[in-house]
Each structure stands twice: as structure tokens, then as C-alpha cells.
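Presented below, as C-alpha cells, is a lone chain in the form predicted on its own.
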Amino acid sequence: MHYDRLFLPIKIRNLELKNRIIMPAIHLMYNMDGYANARFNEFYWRRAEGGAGLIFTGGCRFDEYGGSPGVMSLETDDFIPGYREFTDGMHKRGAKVGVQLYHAGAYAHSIANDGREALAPSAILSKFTKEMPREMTREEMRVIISKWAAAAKRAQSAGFDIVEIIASAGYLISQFLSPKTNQRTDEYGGSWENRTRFPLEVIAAVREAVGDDFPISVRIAGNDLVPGSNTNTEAVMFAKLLEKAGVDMINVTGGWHESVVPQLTGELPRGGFTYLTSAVKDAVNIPVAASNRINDPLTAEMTLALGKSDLISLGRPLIADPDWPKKAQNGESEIIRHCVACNQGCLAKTFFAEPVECLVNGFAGHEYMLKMYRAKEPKAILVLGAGVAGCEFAVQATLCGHNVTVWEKSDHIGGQLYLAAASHAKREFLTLASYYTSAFKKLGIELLLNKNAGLYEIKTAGFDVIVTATGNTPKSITLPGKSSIPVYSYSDILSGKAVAGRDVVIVGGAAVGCETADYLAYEAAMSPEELYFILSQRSEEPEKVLEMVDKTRRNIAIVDIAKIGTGFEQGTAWPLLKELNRFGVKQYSYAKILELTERTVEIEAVEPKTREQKAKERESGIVEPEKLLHLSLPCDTIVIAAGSVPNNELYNALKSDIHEIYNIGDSFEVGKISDAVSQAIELARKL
């Protein structure tokens, strides 16, 4: 397919871009001292090589109160030479490069700023940091504005082509714009005109610093998605003011970090926030970029075709595959390694001050150290198993020059990806299986499906190297009592081999158990098609529809001896747990199954404490003793989600007779997709 609009040039003031693809600023945590370094440079240089028209770095700190260490800085002239070398490298590789000048305001953590209180429009407790900021004085505001402008001038000297001012995500300018966080009584608070005064003064100072010919972008929240704060209506009003103030581009994203509306995970459909962008686009005459969950060329092209935006922001998609632009332009979109919207290696890492990585791209953030070379002596390699580990190894080993054959006993590749993708919010995981299918064809990797070979055939097949990647097997557990209630594994349910009834008890509340509960709840809830039909036909009142959409026909309970919701990457569990609560899925942590009857599961569980009880305990410092409850859970289906064990039987049977054999992925040790990808890359490099 041709994506003609996506690859049209466009001008931002005097800056001409070769296409409509931009990479927005993303916190990477690669610059602990603020200076450019090999890790930072190589990461962005690789994206420049991939064909993006404009790449924004940052956020970039310019003030000691501005945000966390670990991000790039332009606080002083000392930073200019390193970033000049960096921008020269970007230009050499064919990309324009901008920098986002960033001030977190109340979102700055004191622990990361030598104990300093954060500065904010008003002294209102931050829901993001759980800390109280200090209200800025007018003098402090003047100083910050002057530092913003000075940093813009340094960016110009360092060779950046454009500067961006962040006015989104709940950071300082967002805080000034919002009546929720700006309760000042001077000329910077109260009315809309007053709340926009500080942002417009920042823009005026930056424009004066960089001159009339240098482009300025502003990244705004299309809707704060915070009750009592600004909506898309105010976003449009602000965009008009920005255009009038001389801003050259507006980059529209979703809400604030503290919003409880998912903005990056798979709960948000592809292009789900382009409606926010389109309202801004219709109101101004300067270029507007769309952001959030646009991970494939078709969605990007459609967004441009419908006039929803002029440019497309690809953040995490370019972490997952830096060659996304080139592949789309060359008609090879089928071999794009899509972002799967998991947020496990990117956003979750930065919230805990860890460097960004990627679940599906083991090279992301490691470009400066992970170098692949052609093998001096190509080997004939047999891979047993076409899950993630086996497929990734086959691709990387082939790129290194080896001759790879893959045998898979089932009728498809991807392994556990199909189980991971069963949950509605994780359907993007199937794109990784599609990528491997296309990559195998392009690279000429021989794949034999439905190949359940015996030991003798494997040993005598004439390969130099054997790699086993045979995955895992669900754990089974013994339940007390005798009952005719059917018992299934999570694999049976998620693969569609079994259909659960209405009263389901899931044994195991880690990630897989929670995702199985989510799958079962959605399966028995109103479908998107039903919802669209009812709303479009106005067959029910809106209040009735809202009531219906929060219901599932299943009565689901999760039981675990530990805390429910463990096993997720930090910061990624909340959208799923929110959905479980919305559907009324009962959760019994620290519970013990006492007995099964013909229609119930008898348990002993710790009584959950209410929010009010927990708040009272925090205030008083007195923790009330836990209460045990004896509960009888109605049940017609039991699902075991107690984890998995390595399926390493084949490796153990072969290892004594094969000279060179390796075991990777879950068959070596049950882990995450990122573990399988990393192991595969390391083994390919080793060979």
C-alpha cells in the first residue's frame, strides 16, 4: 500500500521536513548528568537513520527546580558542545532535530531534587508526587521564564532546528492553565485570561531569544482528562492563543500523568485521541501533530487523509522499530515491528528512574553496546519451537549469516503470544507474531509447521547447532475436596479450548490470573459492536447504556494466597485492575481454599479494608488487626492460573548427545517476552 500523504514534505515556519513523521520527546533516563553521551546519541542516531522527518529529544531540564535528574540539560553553556556533536550526527543521518524544554512544576519529586520543594502556581498537593509544592513568587516566575528563554538560545547554538515548550501532561504550564491547580488571586490566576498569562509570557520570551526565523512548537494536552480541569474546549482556545502568539506548530497529546484514563496502553484503541487533535486542527492554520497509539502506517495515513492532523507523532512505535518510516515508504509495512502498547520497557521504567528499553526490541537503549556482526563461519542451525524466543533467534541468527531452519509442532508461530493477546487490551501482541511471519518470508528462513519430530530425527538431521525454545507448561495444583466442577487451565480458557460458565473462580491472582479475569469479564459484557449499534440508533437512553457497559454476565472471583495484582511491571497494572473493579470482579488476597463442593468453592480470606479504614490508620499510626472471613463462592467453573514451569524435556533428552545445543526462552526459565528477546539476541551474537 502507498502512504502518499505520510511522505509529503511540510514546512514549519522556515524548517522543511521530508515527511510528516515526527518523534515526540520521551523521557529516556539516559543522561544522568544531563550531558550527551554514547547511549543517548546512538539511540537517536539510529532513529534518524530509520527515516523520521523530525525527532524531538527531551524533556530537557533548564532549571534546578524543573524536574528529575536523568534527563538531558541545557542549564548552562557547558552542555552545548556535546549536543552540537549530537545534532551534527542527526543532520548527517538525514533528520531534523528539536528539543523539548521541560519544567515539571509540582510534578518534580523533592527526593530527586536534593530535597527542594517543587514550585507550582499554587500550594496544592500533587496527586502525582503526593507532595506539597511551594507557590511561586512573581520573582521566581520571572527567573524561570528567563531560564526558559536562555535554554532556547542554547538549543539554537547547539544546532537544534526547533524548540518545543511543554504545556501538557500536567507539568508546569498545564498547572497554570488549570483551575484545579492554579488558585492564585493575582493577575496569574482566576480568569482564563489570567491563567494563560504565564504560558504566553514564556512563549514571548522564547521567541525573543531565538528570533523571528526560528520555529517554536508547543505540546499541549488535548484534554487534561482530570475532573475539574480543562477539556478539549479549553485546548482549542489555548491553541488559538498560541497561533496568535507566533507559535509555529502544535503537538497534541492526551491528558495528565495523574489521569485515570489510559493514554498509552492497549485499552486506548489505535488513533483513539485523534478526535482531540482534529478539533485543534480545525481551529488553527499552523501545522498540528496527532499523538498517542498511532502505531501503524494505515492509521497514520487515515489520520492525515481525514484532515485530523498535518503530522503524526510516533513515540513508542519508533522505540519498537526505528525503521518504521523507511519500511512504510518502501512498501514493507508488514515487517514493521509494532509497538504492542505494553508500556513495560518504556513508561514504567522512567517512572522509577530506570533507563528506557523495549519489550519487542532488545536493541532499544542498547544501540551503543549491542553490535551484530556477520559470522565468519556460517552454521546450519535447527530451532525447535517458534515462540518469541525461537523466532527472534531465527531472525537475528539469519541476519548474522547463519542458515536457520525452524520446526514448530503446532500450526502457527508465536507461541504464548496468542494467550497474551486474548485480553482485549493486549491484542497488539499479535502484531509481533505477524512480524515474525513476514520476517521469515523476507529472510528466507525455512519454517516447518506441524512438525513434531522425534529424538532420532533431530539428532540425525545434520545440523551444526540445535536451539530448543519449547516454551512453558501451565502449573497444575491439587484442590481440596471432591467436586464435579470442571477445572481448566488459563491456557484452556485464553486459547478458546474451553468455555467458562457464569460463576467462575480463578485460582491465582498474579498477572495471568488478572488477565484471564479481564478476558472472561469482557467476553460476557456488551461488545463494542452492540454498544455502537445502541448508541447510533438511540435505542436506549445514555444513562441506561452507561449502566449496561459496566456490567458483565459473569460472576468472577479471584483467589490467591498472596496479594492480587503482583507480577506486573511497575506502574502497568492499574488500567487492568481498574477494569476488574468496574466489572465487579471479586478479589480475595491472602486467601486459602478450604474445600470444593458441588456448587461452591469454600475459602478463608482476609477481609479487605476500606479506603476510609486505611486513611484512618495512616493518620493515627494504629493498624487494626486483620479479620478472617469464611466465604462460600458460587462456582460452575474453576480456572487455574498459578503460573507456568519450563517445558525443558526435549532439551534434557538431547543435551548429552548433541555437541552444540542451547536452551532459550521459557523452556530455559519462565520469564517475560523481553527476556526471551534478549536471550535470543545474545545467543545470535555469541554464535
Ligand SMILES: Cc1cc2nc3c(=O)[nH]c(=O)nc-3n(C[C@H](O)[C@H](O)[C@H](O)COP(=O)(O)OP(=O)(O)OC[C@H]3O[C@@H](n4cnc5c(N)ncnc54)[C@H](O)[C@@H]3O)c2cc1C
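Source: prediction; values computed, not measured. Residue numbers run from 1 along the displayed sequence.
In what follows, reference is made to the form predicted in complex with the named molecule, a form of this protein that is not presented.
When you look in the predicted complex, the only residue of Val247, Met136, Ala605, Leu359 with a non-hydrogen atom within 4.5 Å of the named molecule is Leu359. This chain is displayed alone, yet in the predicted complex one of Gly414, Gly255, Pro297, Gly365 has a heavy atom within 4.5 Å of the named molecule; that residue is Gly414.
The partner is not drawn, yet in the predicted complex one stretch among 448-456, 222-230, 142-150, 80-88 has residues with heavy atoms inside 4.5 Å of the named molecule: 448-456. At least one heavy atom of Ser674 is located within 4.5 Å of the named molecule in the predicted complex. In the predicted complex, Asn647 approaches the named molecule with a heavy atom inside 4.5 Å. Residue contact check for Lys409: one or more of its heavy atoms lie within 4.5 Å of the named molecule in the predicted complex. By the criterion of a heavy atom within 4.5 Å, Thr470 is counted among the residues contacting the named molecule in the predicted complex. Within 4.5 angstroms of the named molecule in the predicted complex, the stretch 385-404 places a non-hydrogen atom from each of Gly385, Ala386, Gly387, Val388, Ala389, Gly390, taken in sequence order.
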